[in-house]
Each structure stands twice: as structure tokens, then as C-alpha cells.
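Take a look at this single chain in C-alpha cells; it is the form predicted on its own.
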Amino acid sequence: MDETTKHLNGNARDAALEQIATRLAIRAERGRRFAELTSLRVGGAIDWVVSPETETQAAALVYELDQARIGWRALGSGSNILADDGEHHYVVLSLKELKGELEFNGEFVSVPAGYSLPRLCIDVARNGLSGIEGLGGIPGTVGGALWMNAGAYGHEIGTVTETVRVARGGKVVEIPGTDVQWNYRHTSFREGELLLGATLRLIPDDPEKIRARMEDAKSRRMATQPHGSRSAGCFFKNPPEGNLGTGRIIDELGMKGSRRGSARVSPVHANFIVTEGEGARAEDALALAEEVRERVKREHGIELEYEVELWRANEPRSSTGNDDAAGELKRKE
């Protein structure tokens, strides 16, 4: 395809997207960069960012985008995304405005996908509901937690999910949580599905006891993780076999503090890669991550699997699911 044809196709797509956004009364923005929208603060230009405010809007939007063959990706708070430095020619569907309010009904709580996971943990604790307090320090949104089955300190969101609301055929559809396969940092949700919210079934308990468990988890995180740094949480999954976590493996290889340009293996926790300085680049973080993977494979024969989501500008996009996103949500070692 020559450049003139690409330009014409791009103009037609832009016009179609503007019509869809206007018809559904959804804000659509140009001129954004992933460096503004992700916790690593790296990544290139984005063609469009669209921000639905209700689950009904979001379901209608992805249906129309799919009908128009406009590629999209869903982004929560961007806390587990490494987007490369190129120009990303697809639509980013931001779920940050999809917040709404919690709805409590006894031991059940209904929560939209854009709701902050740490805030959810605090809110349900105040209402005397237990079962997710270990997730309280994980940055990101509920949608990302569901997409990747976020877990920490003995809790996983999949174990308490009664139903999940998804976008299907332009409508909000509720499916039983038992229909979903909840695995380690992976679920059976398919590419092209948009998660809109969930109903959780929690366990009544004394709010003070819940708060104490949350404080204990917070203290453990503060002692072992690089708070205040620009990171995407744990960069790699733990190996499926063996007693050592990935952070310990990397540490024992002497790679804590290793640097590649603007990226560095955290000196606090070796399974965190942080970016530093103005103009930090995604290519530095990815090069450093690959260096770590190659070293671990050479020394231990272990093929480390990424826990962060890698979003590449040159990959063709149709429609894809929630980022987590924003695991964005992951198991903390």
C-alpha cells in the first residue's frame, strides 16, 4: 500500500470515528502519547483516545468500532503496559472515566471496570467485607484485575467474582464467574472482549480485622518494592516450577541496578524495571528486559514470561481486550 492510499484510508477512518463518537456523545481526543498514560512514562503517539463514561456507552462504542473495522485496545490506568516508542495507529479506549458507584447488597458488591482497585479494597473493608484485602496495594483498575486475575498475599480476584459484565453485540451482558477460567495471571477472556464491570461475593468480617490485614500487606510491600519509581510492577511472571521467585533469580545473577539507557533494574526489587529521566524510552526498557531474559535462560534454562503487556506500534490491530491492564495487575513477589 503506498503512502497516498494509507493517508486516504486514515482520513476515512478518522471521519468514521468522529461520527461514532459524536453519535454516542463520547469524548475523543488526538495528540496524546503513551508516555502520558502509563506508569512507566514511556511510549509513542496515539492516533485517538476515546473515553466512554458508562458501561452502555462503552458496549455500543466497541460494537460500532468493530463494525467499522477500526482497531482498538482498552486501557485502564496503564500500570502494566510497555508501549513502544513508535506511532500507534489504533484507537485507545480509555476506561478511566468508567467509574460509576459501588452498589452493595449484603455480601455482594457491584463495581465498574474503571474503578480503582486500591479504592475498592478500602471501600469494601469499610463495609465489613473481606476477601480482597491482599490486592489493596496493586495499582490499576478493576477491569485490569479481572482480565489478568490479579492476585497478592493469598487473594485472587477470580475466587470472589460472582458475575462479569462484558460488551457483546453492542449490549452489556452478564456472565457467571464460573464460566471463566481463572489461572495464574491469565484468564479465558478472549481478545476482542471488553470487560465492563463485575459483581463480587465477599465475606462479612470485622472492619478492624480487615484493616489490620491490609496494613500488614502494605507494610510488606513498602519494605520490598520500589515505591515512588516509574515502574509497571513485576515485569516477569514467576516460573511455574521451583521455589525461587523471579526477583530472587535475577538478584542472584547480580543484575540488580543494571542499566540500559533510561531503564534500570530496580535496586530494591530485581523483578521491577524502572525508567528514569526526561525523555525516557520504551526501547531501553525492552532491551534491558530482553537482556535479563537471555541471562536467566543461559544460566538457569528458564524462559521468563512477561507479566507486563507489550504493545507494539507496528502490530496490526483489530479489536482487543482490557489491558491490564492496567495487570496492570499482578502477583507481587
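Since we're looking at a predicted model, the values are computed, not measured. Sequential numbering from 1, following the sequence displayed.
FYI, the form predicted together with a small molecule isn't displayed, but the following is about it.
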Using heavy atoms and a 4.5 Å limit, would one call Asp251 a contact residue for the small molecule in the model of the complex? yes
How about Ser94: is it within 4.5 Å of the small molecule in the model of the complex, going by heavy atoms? no
Partner proximity in the model of the complex: Asp284 to the small molecule, non-hydrogen atom cutoff 4.5 Å: no
Arg41 near the small molecule in the model of the complex, any heavy atom under 4.5 Å? no
Just one of Gln225, Thr163, Ser258, Thr159 has a heavy atom within 4.5 Å of the small molecule in the model of the complex. Which one? Gln225
If you check Gly197, Gly247, Gly131, Gly136 against the small molecule in the model of the complex, which one has a heavy atom within 4.5 Å? Gly247
Residue stretch of 175-183, 99-107, 231-239, 201-209 approaching the small molecule in the model of the complex, non-hydrogen atom distance within 4.5 Å: 231-239
